[in-house]
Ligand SMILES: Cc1ncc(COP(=O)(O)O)c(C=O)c1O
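Single chain ahead, written as structure tokens, the form predicted on its own.
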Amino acid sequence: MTKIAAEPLSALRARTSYKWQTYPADVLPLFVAEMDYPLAEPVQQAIIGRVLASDTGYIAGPEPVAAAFSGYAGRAWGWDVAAGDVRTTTDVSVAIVECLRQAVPVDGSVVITPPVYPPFFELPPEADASVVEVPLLLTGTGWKLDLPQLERAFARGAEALLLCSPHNPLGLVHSAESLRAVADLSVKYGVAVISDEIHAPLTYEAGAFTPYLSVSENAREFGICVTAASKAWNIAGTKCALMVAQSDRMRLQLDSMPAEVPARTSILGLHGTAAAYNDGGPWLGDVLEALAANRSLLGELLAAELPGVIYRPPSAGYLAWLDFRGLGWADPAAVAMERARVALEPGQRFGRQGTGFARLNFACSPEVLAEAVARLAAAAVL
């Protein structure tokens, strides 16, 4: 029995977030990356405390969250991060765009590795850059970065790589060896690496995740980590993201951003995030236990009721990348909505490689997960 439980549907449907306001009440929303668990008490108290103190103005600086992240990174990953190397902004997407604006000239190009988080296709153009796709490779042992093709893209003039680590939607945790190879290539060709590590605290196997900047001097020379507590502690709406640089070159890029970039950080998000990193570990441990149980349950349910769907359990996160091609569903999310009233994230949004796939969020109650699979199974025989 896990120590934390998802809230009942009656309480969840009273939330005003995107997950619970997008579809009618007869739809089970398993699409966007929001969790159904109650908020961690230290995070609640930190935010409530600032409200009770009427402390809802502009942030004075990143210090509370910078120190908290420094401590968390050391405990969680053995990564030595100086608090002075941490900057903040409103969310990871903004952090990515502002980092790309520093690293990539106008009309430059940015490599992404689909199937990948849909905004990765949009963020480089927002920074006046084009997108170069280097898809991941699917091997007999799983997905991995295509290092030879990455080198070709770098050699042809790409200025940056937008790395998803752990990789959404696959839940892929990149090996330290592959990250070191990326870092060596980045220095060889002068390519910046912006590593989105927002899902890192949600890695199931202790010690499996390797922060990109920790792998080598080469990684630190041209790399920036962007991250947030928003996924692991379910606080996306509080608006606080972190940017970490550990070389003079990349610190200068962070410090060259307009003053408005850090100023957009929410003071509530700043203190909520600091509380998550400082005191949210026990809650996160309970959540990971619940997620691990659901990760296994999903495999059991699919094997029993939808054996035509291929599922590789993620190594990190609560998002399942499901292959419906065996059912002949070219657009599984559309079929799931029309026939089963289950909202999934369409695979095509993650790139051409997502045709016939859909992403399912299993950060819900076991009962909701079982109901969703039962509805999909019924839809498969219609």
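Quick caveat, the model's predicted, so the values are computed rather than measured. For every residue, the number given is its place in the sequence shown, counted from 1.
Although not depicted, the form predicted together with this ligand is the subject of the following passage.
This ligand in the model of the complex is approached by residue 33, whose closest heavy atom lies within 4.5 angstroms of it. Although the partner is absent here, residue 91 lies within 4.5 Å of this ligand in the model of the complex, judged by heavy atoms. With a 4.5 Å cutoff on heavy atoms, residue 164 counts as touching this ligand in the model of the complex. This ligand in the model of the complex comes within 4.5 Å of no heavy atom belonging to residue 79. For the three residues 117, 196 and 231, a heavy atom within 4.5 Å of this ligand turns up in the model of the complex in every case. Shown alone, this chain has one stretch from 294-302, 91-99, 211-219, 148-156 that lies within 4.5 Å of this ligand in the model of the complex by heavy atoms: 91-99. 168 is the sole member of 246, 203, 113, 168 with a non-hydrogen atom lying within 4.5 angstroms of this ligand in the model of the complex.
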